[in-house]
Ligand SMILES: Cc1ncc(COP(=O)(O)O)c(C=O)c1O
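Okay, so here's just one chain, in structure tokens, the form predicted on its own.
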């Protein structure tokens, strides 16, 4: 049985240590790096009765239509750099010159779309092969995009969690697993992926400061296995800012909300959803303790709510797929129902940031 809403009044008392490494320095070395837009939408602020609503638009990040390349690129660099005896993320051009083709390295991942494409993209830039495992239910366009990066694609008529297990079995030796979830809470690669995502929220802080906005009251984060949410919670529990953090996932795959309500990881049986990238049945063990202690609230939304948000954001000039637009759907539920955030909740002065994690092109199955 899944749970549709959860709240943790003690979340903002949680404190974490800042990252020792700064993944943003690595990302600045990538060709074409630039911060993605933070777009203010006064129409939504008026609708919801808050001070400001801003959307972090990840529809075009480093040549791909989603944020996932931030985590994939950093984790791949850390993995390959570690094999060379380095303890930081070497730039890709340095790695490309030091990789020995005779070693037979191959990158391996499971994906429901964007993560696998990002892994395949970085593999192509490095000149090494990649094998990406996918559920058969993802769109033909998503499969074609991964193949276009030069990766081998293995399609499996299985739920996403089982696809991850198959990818794990395929890896080993010179087949290097680059996966954003794990049953092992101290596995290094999922943590490096999470660390890579921290660049996104560091950009948000800089962009708010550049606008002269000195407060942040709520960040809304789409949640699949929990890796991006882990990055957001860790970041804002290690800085002077202490915004509320609201997680959102599909009502047919509410694994995070269910686990938070139960106080332990509870795998859930998932159904079909237009929010393909969030259709995950088990929270990552890496993310779990951070979300358990530091997320203020978690909510499940329907496909209809997400698709309405896609259309409304498009009308306002923001290109967002269902996974990213789910954040607006969640904010609408919170602002217009009995579901409440911990005090002080939302006020007429609140500054809200929605993380829109993909373009509509990244998830053709979710288009109307």
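Positions refer to the first chain, counted from 1. Bear in mind the structure is a predicted one, so any value in this text is a computation, not a measurement.
A second form of this protein, the form predicted together with the ligand, is not displayed here; the remarks below concern that form.
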Contact segment among 108-116, 258-266, 235-243, 210-218, judged by heavy atoms lying within 4.5 Å of the ligand in the predicted complex = 108-116
Which of these residues, 120, 254, 225, 76, gets a heavy atom within 4.5 Å of the ligand in the predicted complex?
-> 225
Consider the chain as shown here, without its partner, and state which of 146, 297, 278, 130 has a heavy atom within 4.5 Å of the ligand in the predicted complex.
-> 278
Residue 70, heavy atom within 4.5 angstroms of the ligand in the predicted complex | no
In the predicted complex, which residues of 296-332 put a heavy atom within 4.5 Å of the ligand?
-> 323
